[in-house]
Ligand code: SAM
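Heads up, the chain below is alone and in the form predicted alone; it's given as structure tokens.
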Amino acid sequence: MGVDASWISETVTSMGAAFSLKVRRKLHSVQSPYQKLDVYETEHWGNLMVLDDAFMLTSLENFLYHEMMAHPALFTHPAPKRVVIIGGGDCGTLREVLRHPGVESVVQIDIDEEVTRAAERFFPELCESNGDARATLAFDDGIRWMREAPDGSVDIIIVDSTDPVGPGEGLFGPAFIADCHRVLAPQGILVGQSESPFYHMETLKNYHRAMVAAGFTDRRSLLFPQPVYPGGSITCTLASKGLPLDVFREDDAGRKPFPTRYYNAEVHRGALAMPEFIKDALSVL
């Protein structure tokens, strides 16, 4: 990452690419036991959170990511009541999950409390549901939490992780994915952030391989825009335990009792249609 007097850049050396935002000032900087966290005020994108020099989210476009990490899985499961979020310290995905009135409990486990405290200060709109009685925020090791969780105790697991380096590395591993399969109840759904297919296709393929090895019966990678991430788009990958993922509760999605800015039933249906280059890459698995 590079910073000069008015611009901040995330560089992807392996792809010979970079993305830059014009900034006004640095608002916050802290070195936690796990990663370096910075927050900047940008000229046009609102506030920007950066972890270990990688762009995480801005005020302007985070709704794309948070809505797609939550709503496709929740409208695919027949009756999601028990949800676990691994990571997700900015609490935007938690907010989206709690929009669903049928959800009875959400446990969010993020290893780094500094991320949540920074979100409360600089992205308060993402934290507006943190006090919901259905929510439990735990600052702990999500890999260990999943390893110790009871069999069949969760309906949906959302892995809202950073890139597969540092604190997020183990969340892409086969042992963790296998634990998620065990902890999910029948018809349960795992959904995880699965990187850019343009920049990180091998990561996406390995994620699917781990899901196959764990015993998941269906998998779908949904591609959607994310302007501040490498390549300008990202995927979330859904895997199910005995539930087809090519159908969802379209009527419920069409009548959702809460506002969204990106997700709707038509977007969900369209996102199920994988582009040919992704289909070709995954067809060898």
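Don't overthink the numbering: it's just position in the shown sequence, from 1. Note that the structure is predicted; figures quoted are calculated from it, not measured.
What comes next is about the form predicted together with this ligand, which is not displayed.
Using a 4.5 angstroms limit between non-hydrogen atoms, D140 touches this ligand in the predicted bound form. A residue is said to contact a partner when one of its heavy atoms sits within 4.5 Å of a partner heavy atom; Y40 fails this definition for this ligand in the predicted bound form, lying far away. Not displayed here, this ligand is kept clear of T235 by more than 4.5 Å at the level of heavy atoms in the predicted bound form. A residue is said to contact a partner when one of its heavy atoms sits within 4.5 Å of a partner heavy atom; L204 fails this definition for this ligand in the predicted bound form, lying far away. Only one of the listed residues (A253, L223, L51, L245) places a non-hydrogen atom within 4.5 angstroms of this ligand in the predicted bound form, and that residue is L51. Across the proposed site, I86, D110 and G168 without exception bring a heavy atom within 4.5 Å of this ligand in the predicted bound form. Stretch 65 to 73 is the contacting one of 212 to 220, 65 to 73, 40 to 48, 237 to 245, since its residues have non-hydrogen atoms within 4.5 Å of this ligand in the predicted bound form.
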